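Starting off, we have a lone chain in the form predicted on its own, written out as structure tokens.
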Amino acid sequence: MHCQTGSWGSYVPTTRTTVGDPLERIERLASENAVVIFSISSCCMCHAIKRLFCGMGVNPTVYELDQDPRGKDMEKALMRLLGSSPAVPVVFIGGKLVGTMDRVMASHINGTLVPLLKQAGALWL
């Protein structure tokens, strides 16, 4: 998919029927693609982070937690993982937790985001 208004890389509905620990599910989903964003569709900060990646030419895989029947459990697991609230947006690059909006923006500003994206195979420039 192209990153245009209302389209964020690969939107993946998370309605699979696998049962298990929400944190294990997050780790599995995060490791399946180069850039993974856990988001809530009505969140302005989530929108901004998706626009950042799309503007860089990266097609993130986006999991909209408010559209997942187990999204609340996943959101709580992300809050435990981060030790903070709110839990979204949360970005994983190369299967590794980068963090929320502040950590991603700090990485972008200090120049460490692009090398991470290149290393994960999400950016070729």
Partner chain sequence: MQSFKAAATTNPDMFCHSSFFLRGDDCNSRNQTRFPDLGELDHPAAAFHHDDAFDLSPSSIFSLKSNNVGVVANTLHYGALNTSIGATAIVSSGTGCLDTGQFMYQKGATFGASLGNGHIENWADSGLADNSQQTDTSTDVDTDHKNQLHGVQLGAVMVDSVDQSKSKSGDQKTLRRLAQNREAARKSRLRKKVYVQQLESSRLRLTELEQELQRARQQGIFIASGLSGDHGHTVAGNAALAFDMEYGRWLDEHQRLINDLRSAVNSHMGDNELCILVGGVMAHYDEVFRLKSIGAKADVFHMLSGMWKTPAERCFMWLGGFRSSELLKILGNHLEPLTDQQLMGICNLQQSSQQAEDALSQGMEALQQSLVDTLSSASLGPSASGNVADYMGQMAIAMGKLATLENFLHQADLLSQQTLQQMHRILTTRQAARALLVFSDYTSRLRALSSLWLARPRN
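Remember, it's a predicted structure, so these values are computed and weren't measured experimentally. Residue numbers count along the first chain shown, from 1.
Below: the form predicted in complex with its partner chain, not depicted.
S.K.: Which one of these stretches, 62-70, 22-30, 76-84, 42-50, sits within 4.5 Å of its partner chain in the predicted complex when only heavy atoms are counted?
M.R.: Result for this chain: 42-50.
S.K.: Flag residue 56 as yes or no: does it have a non-hydrogen atom within 4.5 angstroms of any non-hydrogen atom of its partner chain in the predicted complex?
M.R.: Yes.
S.K.: Could you list the residues in 97-125 that come within 4.5 Å of its partner chain in the predicted complex, counting only heavy atoms and keeping sequence order?
M.R.: Result: 101, 102, 105, 106, 108, 109, 110.
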